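Before any questions on binding or motion, here is one chain by itself as structure tokens, the form predicted on its own.
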Amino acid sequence: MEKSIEVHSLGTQLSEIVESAFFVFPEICLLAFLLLILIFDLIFRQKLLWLFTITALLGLFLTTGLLLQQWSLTAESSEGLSLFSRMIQLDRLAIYFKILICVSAVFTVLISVNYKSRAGSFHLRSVKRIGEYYTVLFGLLLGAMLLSMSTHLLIIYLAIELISISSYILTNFNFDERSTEASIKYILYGGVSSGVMLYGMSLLYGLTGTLDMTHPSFQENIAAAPMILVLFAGLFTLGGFLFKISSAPFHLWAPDVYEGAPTPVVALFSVVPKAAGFVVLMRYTAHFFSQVSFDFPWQTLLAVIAIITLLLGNFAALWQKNVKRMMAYSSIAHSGFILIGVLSTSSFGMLSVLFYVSVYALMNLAAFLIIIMISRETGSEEISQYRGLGEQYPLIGVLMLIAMISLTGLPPTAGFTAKLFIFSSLWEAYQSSDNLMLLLLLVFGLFNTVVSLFYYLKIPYFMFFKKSETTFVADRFSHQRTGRRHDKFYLFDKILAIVLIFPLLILFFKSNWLIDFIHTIPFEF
């Protein structure tokens, strides 16, 4: 009798796994193309290099198509679909972020096509490790997509580790001393934050008896546990999420990694892990902080973290001379702004987060693409080398100006709309809670927006108001007479930059196009 019950139970579990697998076809597709690229690398190593890029793009397009089909088939239910015995949750929130991740990856692959590292050791047209590059990149994407759906602490940990290990490898793909140093630092910081997070998760499991954040016993047992243990467990777990979004005090890895890693990889780091980190943070705050019965000012805690993140990011960026280090501190500051929407907890706050992250992805990808183009022309990543480039290359100068204005949050760009939504949600949260810390955060947020003007607009200032020490145009013509090409602003990159910049202008005037799409997502966890 017991044996028949066990067989029946096993059969039920296998049936549930098969049914659940139907709803993770996008992840299966991504994994299949990862394996396909790996096989191609074994067969065509150092040959048919174009085949790897085409295969990677085809895999990303098919995955995105499956996600769009999944979006249309997914009912607008606040509960979503619990898959694999409640280990992951498929809802429109997860699908939206997965689409954003795939689209960002497509642009990353396209940005990588003409990228060449400082020493020339990483170039997709000649690199021996092109198959490895795309394999590891797809591994990072797979981890990010799983993290977007995760509601089970074990799956969250495994997904974060998959993202982290892939990131450690990609950081060193310049294959020089600076990349190696950045990768080692990234591993050390990541190991510490991973250990802290795992310890917090183990405490939560000991207190609740479950790793499923959505399980009713999770909140019930937390309410019955000693408050001090619950706080330690919750804060330690929170540390791992803060590391992924490069928020204080787990932000120290970002400047060195951004400077040392290949610039297309940095563009990916600034968007994909951050987006996945924020969606799991939204779920975590909803299930842990918002629903526990003890009186703990968690909004105040997140507000303090956001203030520190804003201050450190913006003021450190003021003194940077390397453009990639400046963008690293900029990324830290933007994490502070997105945290504002997370702590608002309202539907409008969640909508603001999604809009901000979407616009932020466009802004950062565009900025890093233009940085690649300029670095290829000047041979440097120092801001001082941007002198006079706006006059010599007006199109590049105008595109960079729009990107910097949008990152600052000024009209007429979508960056202004994104910050307007974030601050509006914060004001709404303050009015409903009368928490003075939220008002203080609003003041600091506005102040830091003004501070960001001084380092974002420094780049257009050098491009348009400083005279160039080297006349690249004259050099280019002299090289044309000798039959050699010097102008390295490829037409493909220019078109790609315009494609990324154009929505930043359109979404300022027609923000309802994206807002209406986001409105179809039920923000109830």
Partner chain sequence: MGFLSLMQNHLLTFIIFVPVVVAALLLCIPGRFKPVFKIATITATAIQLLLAILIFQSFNTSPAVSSAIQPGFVFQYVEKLDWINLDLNTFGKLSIDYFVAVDGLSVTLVGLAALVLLVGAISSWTIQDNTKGYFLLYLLLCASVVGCFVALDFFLFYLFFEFMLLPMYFLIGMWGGPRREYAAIKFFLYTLAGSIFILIVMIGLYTSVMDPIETGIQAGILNDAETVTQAQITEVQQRIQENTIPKNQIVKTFNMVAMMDRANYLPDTLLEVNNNAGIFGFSARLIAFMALFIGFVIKLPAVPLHTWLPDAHVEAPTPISVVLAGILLKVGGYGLVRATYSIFPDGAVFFAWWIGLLGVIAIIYGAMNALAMKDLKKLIAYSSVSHMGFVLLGLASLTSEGVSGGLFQMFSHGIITSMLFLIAGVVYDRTGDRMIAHYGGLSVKMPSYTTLVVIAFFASLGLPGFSGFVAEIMVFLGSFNAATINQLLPRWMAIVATVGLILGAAYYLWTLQRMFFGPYYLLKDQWNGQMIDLNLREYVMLIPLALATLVFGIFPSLFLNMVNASVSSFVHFVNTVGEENLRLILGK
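Numbering follows the first chain given and starts at 1. No experiment lies behind these values; they were computed from the predicted model shown.
Here the subject shifts to the form predicted in complex with its partner chain, a form of this protein not shown in this document.
Asker: Classify Ile222 as contacting or not contacting its partner chain in the model of the complex by the rule of any non-hydrogen atom within 4.5 angstroms, answering yes or no.
Answerer: Close contact is absent here: in the model of the complex, Ile222 is far from its partner chain, nothing within 4.5 Å, heavy atoms only.
Asker: Against its partner chain in the model of the complex, would Leu436 count as a contact residue? Criterion: heavy atoms within 4.5 Å.
Answerer: Leu436: contacts its partner chain in the model of the complex.
Asker: Does at least one non-hydrogen atom of Ser347 fall within 4.5 angstroms of its partner chain in the model of the complex?
Answerer: Within the cut-off, so yes.
Asker: Should Ser424 be classed as touching its partner chain in the model of the complex when contacts are defined as heavy atoms within 4.5 Å?
Answerer: Looking in the model of the complex, residue contacts with its partner chain include Ser424, since a heavy atom lies within 4.5 Å.
Asker: For the interface check, one of 446 to 454, 332 to 340, 308 to 316, 251 to 259 should have non-hydrogen atoms within 4.5 Å of its partner chain in the model of the complex; which one?
Answerer: Of the options given, it is 446 to 454.
Asker: With the partner absent here, would Phe22, Phe40 and Gly131 each sit within 4.5 Å of its partner chain in the model of the complex, counting heavy atoms only?
Answerer: No, the whole trio is out of contact, none within 4.5 Å by any heavy atom.
Asker: Pick from Tyr360, Phe416, Tyr96, Tyr157: which has a non-hydrogen atom within 4.5 Å of its partner chain in the model of the complex?
Answerer: Among Tyr360, Phe416, Tyr96, Tyr157, a heavy atom within 4.5 Å of its partner chain in the model of the complex occurs only for Phe416.
Asker: Within 4.5 Å of its partner chain in the model of the complex, heavy atoms considered, which of Leu302, Leu401, Leu142, Leu90?
Answerer: Checking each option against its partner chain in the model of the complex, the one that comes within 4.5 Å is Leu401.
Asker: So which bits of 400 to 418 sit within 4.5 Å of its partner chain in the model of the complex, heavy atoms only?
Answerer: Residues within 4.5 Å: Leu401, Ile405, Leu410, Pro411, Pro412, Phe416.
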